[in-house]
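Shown next are two forms of a single protein chain, provided one at a time as structure tokens under the names structure 1 and structure 2.
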Structure 1
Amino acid sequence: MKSLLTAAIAVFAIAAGLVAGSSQAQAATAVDAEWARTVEAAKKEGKVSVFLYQRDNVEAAVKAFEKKYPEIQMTVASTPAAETGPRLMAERRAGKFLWDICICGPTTPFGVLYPAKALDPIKPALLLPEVVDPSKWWDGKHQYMDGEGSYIFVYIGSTDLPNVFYHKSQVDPREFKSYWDMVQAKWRGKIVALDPRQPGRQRVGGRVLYNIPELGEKFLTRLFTEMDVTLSRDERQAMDWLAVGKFALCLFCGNIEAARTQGLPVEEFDVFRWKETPALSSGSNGSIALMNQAPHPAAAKVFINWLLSRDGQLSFQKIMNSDNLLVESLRIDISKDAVPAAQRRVAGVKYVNMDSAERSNQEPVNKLFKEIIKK
């Protein structure tokens, strides 16, 4: 009797396994069929329109899509950061729905398009199993900027602290181990900063400093009320002032490689070695949103899945990284050889995620700067 029971259980287990395997195979077949239909529809549409926050190599990075899908022609456009949201909303108010995808930093999708209900949820557009699988992504989950966890997908998570440059004859870099070293009395009147109230790197940098637990309001208040910081809205002007020695330090500056090439006496601190908790940031091109009433809905889905695929992220990461820009994909199943070894994410390290819904909110930072910057 016992042997019969055992045999029956074994037969049942085999049958259950066959049923489960059959169900999984059917599901995989259904996904494959849906993907094939989507790609075919995208090829018939023949176009996909992507609005970018134009910086560095991002246009080349997204246009790599055309090598994979040459039948789908890309239209790419951009504006200066401050004009992105107003332009997109003005077009929509005029009944012009021109764009399928927005890859335009954190501020426009989160602060303009999402509250205006100009986006479709991107989660249902994720079709490829390797994209849908959360185990392929950092922290074992997909990262979304919006509180609903469905609209603004974050695919870049680079270790990030705002740049600080220095004049080599005026500063001994060994004296600096923290941002707090900038508020010593000896540096009063010797700091220039790109105005953090303006769109771009400086506004993102201000938000990072605001959300770093060891810095926050206290540090920013001391810096901008006690240190007689000179503000510039022109990156080239700020760099020129630093290079001629008018200032010793520059906060939020960029394009250090161009300065080195010109032989200017300026250098960049390794702020990632400083004491503060490092942040993870998507930067200016590390999140993607799906516009509603998209003119090419099938092509938009194909583009999204390509960009978030293993091959798409490997290509994007490789093209985007440069001496002036650090970009690390949130996918964990791709090589990170393109990312400087010292600045790659480290498993087990606690980072401040700048792209949560709470920290993506620029309003508290704007309010603080209005109070402490009177220029």
Structure 2
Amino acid sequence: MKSLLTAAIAVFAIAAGLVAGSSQAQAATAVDAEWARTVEAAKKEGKVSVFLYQRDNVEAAVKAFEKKYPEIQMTVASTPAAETGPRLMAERRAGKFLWDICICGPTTPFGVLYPAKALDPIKPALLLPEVVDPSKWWDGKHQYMDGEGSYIFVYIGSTDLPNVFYHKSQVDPREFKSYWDMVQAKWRGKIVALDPRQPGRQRVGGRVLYNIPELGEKFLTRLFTEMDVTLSRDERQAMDWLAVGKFALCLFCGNIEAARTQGLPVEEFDVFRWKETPALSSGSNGSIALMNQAPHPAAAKVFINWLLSRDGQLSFQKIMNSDNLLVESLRIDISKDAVPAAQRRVAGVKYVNMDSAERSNQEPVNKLFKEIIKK
């Protein structure tokens, strides 16, 4: 099976790269056949199991797969952020290879599964031409989180982080051109932040600030040692405090759309006001990895190709974008209607890519926070 697959890819590569015209059609036929065989095998397996980082509508978003392939039944599971690694590793050590796919945040695949050699390269599993074609993706290439560039495929790149919100009657947004504007005496004691040592958006947000070249360690140190930032462990608590005017600024917060719709006097700084380099990040569900010894290898392949296809990405992006979350596919050949216009990626702008191997590393950020957050 594997060799067949490799052969098929080789054929495809040759076909795509060297031959033109009629032979292209020939190659396409070979790919089609390969795809048909995989789908056939997947239907025979009848099942695919996906481990998720449970957030927002991700369960519904991946289960859209069942509509397209009703013969393949889907099992999902999730654990709160950081427990995913321990659970999956414990299962595997006990010989329970239960999961085909992991869409479980940036750090579990990168920090646990990949170093533990629990993943198969995903690159060879990409079959559909529309998935394989790098020109259909942002920056003209496939993005991988791992240094080898073949295990953890990144398909989301959103611009929203680190999420800074403000109270409308306390803050004149025109005063803010740079993140450094937050570190002014007048905002002392007026900033609430979700605790960036916690898993989720706040942790990624912290890492974003750390990795933006104009900010980094220096900015975070000033922010957390001079500004008397109040930390919260609860998104709702932080947002409510902002809404009642207890604080003027809310860092790493979420759910702005809902709050706005409900009529709260809160607003989001749009990303392009900052003069610092903006960041792109995959968020909690923007990367996909293929587990090795997967119980349903063919179905896993079908799922991966479906999710990364135009249809799959369109559907995923549509379902995932909510009041709470901004999700923009790295595919560039699909409509971005689901993403608020002000937050869309802009071609030609240089971004800090948060999902590189280097920037995915949380350790230096942890170390810094241990020093600067004394509370």
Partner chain sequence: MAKTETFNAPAVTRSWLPPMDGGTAIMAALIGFMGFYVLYPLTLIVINSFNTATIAEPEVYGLDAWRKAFAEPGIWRSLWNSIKIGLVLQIVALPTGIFISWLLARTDIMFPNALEFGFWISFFLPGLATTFGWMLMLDPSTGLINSWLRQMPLLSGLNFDIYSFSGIVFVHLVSNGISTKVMLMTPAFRRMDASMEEASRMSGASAFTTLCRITVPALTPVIIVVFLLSVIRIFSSLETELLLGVPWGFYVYSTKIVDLARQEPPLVNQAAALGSIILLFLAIFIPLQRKLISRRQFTTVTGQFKPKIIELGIWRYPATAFVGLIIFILDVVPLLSVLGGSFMTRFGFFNLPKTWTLEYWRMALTDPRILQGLHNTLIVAVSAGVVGALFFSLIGYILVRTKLPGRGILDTICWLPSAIPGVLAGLGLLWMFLGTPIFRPFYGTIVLLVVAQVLGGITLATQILKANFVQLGKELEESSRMSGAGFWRTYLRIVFPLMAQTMVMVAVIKFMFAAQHNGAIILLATSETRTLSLLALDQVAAGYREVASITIIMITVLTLGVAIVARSFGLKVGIRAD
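Here, a residue number simply tells you its place in the sequence of structure 1, counted from 1. In this text, all values refer to a predicted model and were calculated from it rather than measured experimentally. We call the rigid core whatever largest set of C-alpha positions still superposes within 1.5 Å between the two forms.
>> Deciding between structure 1 and structure 2, tell me which is the form predicted on its own.
In response: Number 1 is right.
> Considering the two rigid parts of the chain, by what angle in degrees does the smaller one turn between structure 1 and structure 2?
Replying inline: Spelled out, the smaller domain pivots 11 degrees relative to the larger domain.
> What Cα shift, in Å, does Gln237 show between structure 1 and structure 2 once the core is superposed?
Replying inline: Comparing between structure 1 and structure 2 after core fitting, Gln237 shifts 4.1 Å at its C-alpha.
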